[in-house]
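Below you'll find only one chain, the form predicted alone, shown as structure tokens.
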Amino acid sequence: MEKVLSRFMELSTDPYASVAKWKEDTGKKIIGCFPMRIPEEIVHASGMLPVVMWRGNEAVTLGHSYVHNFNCGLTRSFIDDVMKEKLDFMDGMIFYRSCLQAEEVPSTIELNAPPRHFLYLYLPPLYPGAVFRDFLIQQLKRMKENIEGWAGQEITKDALNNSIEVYNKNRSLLKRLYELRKRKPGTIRAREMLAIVHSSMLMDKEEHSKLLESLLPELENREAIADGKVRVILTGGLCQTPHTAILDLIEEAGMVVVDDDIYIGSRYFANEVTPGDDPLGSLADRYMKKIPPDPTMGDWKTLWSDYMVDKVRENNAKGMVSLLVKFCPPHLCYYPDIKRTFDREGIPEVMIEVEHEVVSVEQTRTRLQAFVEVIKGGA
């Protein structure tokens, strides 16, 4: 068990080295996918490895010559890493517009450091009407055609359905892991869960699933460490990887994370895809789902705040910790409604603003400790 967890931690801590080594060992191509919405199954069906592009491990320096310093940590860090040639091992990159800041990234990359293969997709918002699904399918067909050219081979319907099954299996295993954490809080530390999900975005899905299958029985027998700890839900972060230091502080303050609503978490594997005669249509249907609510998708009717209240109550949690990435417009726009809704429902919630470079550990520790005292005082 510890060996498998260490493997996941290593992948998540130093993704560049891990993914580059995989390419060296296998000789296969690697395609970077901008976070959250790119259907990786299409890349996987071509025989190439899709990896979700990530936030780097260093402070942004060179990148500030190309992007505003008031952009979010992901966009600044990613451009910084590209300009420092850290991602030269990638054979191609696929982008789409998830927010205003993300819209700047592909043009900046294409103008200054274009990869060997480059694709920008126009993925629609979740507005009502069949025209949006039809337009999405056209974009997925365009993506498929480009990937076929990059890989030098046709992506058959059988290959695409097989990749859908591979991804569905991995999603089901991750869901089992989350169910285990709900049943036995404290069995899996927050930083371990982050590493497990993050590594799924970086490595061959079949290999990741095999590791999960060996890990799950071992975790079932692992001793839980949640006695006396306050059950909480984690939300926010969206496309940016949360700092593991903050996850540790949450636990050190006397809390245990029983569920989450973050992209490097439950959002990544939410909703399976139905294989069949129209696999691109099935991938489009997954994209168009409105649960979990996504503040980047223009859907103002499916309230994120109500969804989170339900998640807190379903998990018998006592409160919620919101990780709000500094300069993240989608989360910033929704946060006042989340705060107002949680106050109205009498559910404690604390917002921790996070940044790429700097984490004020002591200030964050104090806020989290005060949050626990509020919950215990109101119990």
Partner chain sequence: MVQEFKLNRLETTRLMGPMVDKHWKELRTAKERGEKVAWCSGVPFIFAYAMDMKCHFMAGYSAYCAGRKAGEHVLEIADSTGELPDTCSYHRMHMGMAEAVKRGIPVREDVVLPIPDLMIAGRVCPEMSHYAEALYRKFGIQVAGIEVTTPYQESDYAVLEPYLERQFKEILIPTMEEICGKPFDYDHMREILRVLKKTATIRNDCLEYFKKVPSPWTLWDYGVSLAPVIYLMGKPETIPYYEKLRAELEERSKNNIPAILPEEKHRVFWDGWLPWGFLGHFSRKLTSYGANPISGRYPWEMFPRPDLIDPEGDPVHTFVKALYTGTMLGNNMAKPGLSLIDKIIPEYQIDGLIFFTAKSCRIWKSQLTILEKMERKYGIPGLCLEADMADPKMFSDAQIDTRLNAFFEVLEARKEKRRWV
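Owing to the predicted nature of the structure, the values given are computational and were not obtained by experimental measurement. Positions refer to the first chain, counted from 1.
Beyond what is shown, the protein has a form predicted in complex with the partner chain; the following relates to that form.
All of 225, 229 and 262 within 4.5 Å of the partner chain in the predicted complex, heavy atom check
No residue of the spot touches the partner chain in the predicted complex.
288, 131, 245, 216 - the one with a heavy atom within 4.5 Å of the partner chain in the predicted complex = Filtering the options by heavy-atom distance leaves 131.
Exercise for review: Report the residue, out of 180, 99, 166, 253, that has at least one non-hydrogen atom within 4.5 angstroms of the partner chain in the predicted complex.
Suggested key: Partner contact (heavy atom, 4.5 Å) among the options: 99.
Q) Does the partner chain get within 4.5 angstroms of any non-hydrogen atom of residue 103 in the predicted complex? A) Residue 103 belongs to the contact set for the partner chain.
* Asked: Is residue 65 a contact residue for the partner chain in the predicted complex, using a 4.5 Å heavy atom cut-off?
  -> Yes, residue 65 lies within 4.5 Å of the partner chain in the predicted complex.
Exercise for review: Indicate whether the partner chain has at least one heavy atom within 4.5 Å of a heavy atom of residue 314 in the predicted complex.
Suggested key: Contact check for residue 314: no, nothing within 4.5 Å of the partner chain in the predicted complex.
| query | Would residue 92 sit within 4.5 Å of the partner chain in the predicted complex, counting heavy atoms only? | reply | Output for residue 92 is no: heavy atoms all beyond 4.5 Å of the partner chain.
Discussion item. Tell me which stretch of 270 to 278, 184 to 192, 120 to 128, 149 to 157 has a heavy atom within 4.5 angstroms of the partner chain in the predicted complex.
Written reply: After filtering at 4.5 Å, what remains is 120 to 128.
Practice item. Would you give me the residues of 315 to 340 that have any heavy atom within 4.5 Å of the partner chain in the predicted complex, in order from first to last? Key: Those in contact are 324, 326, 327, 329, 330, 332, 333, 334, 335, 336, 337, 340.
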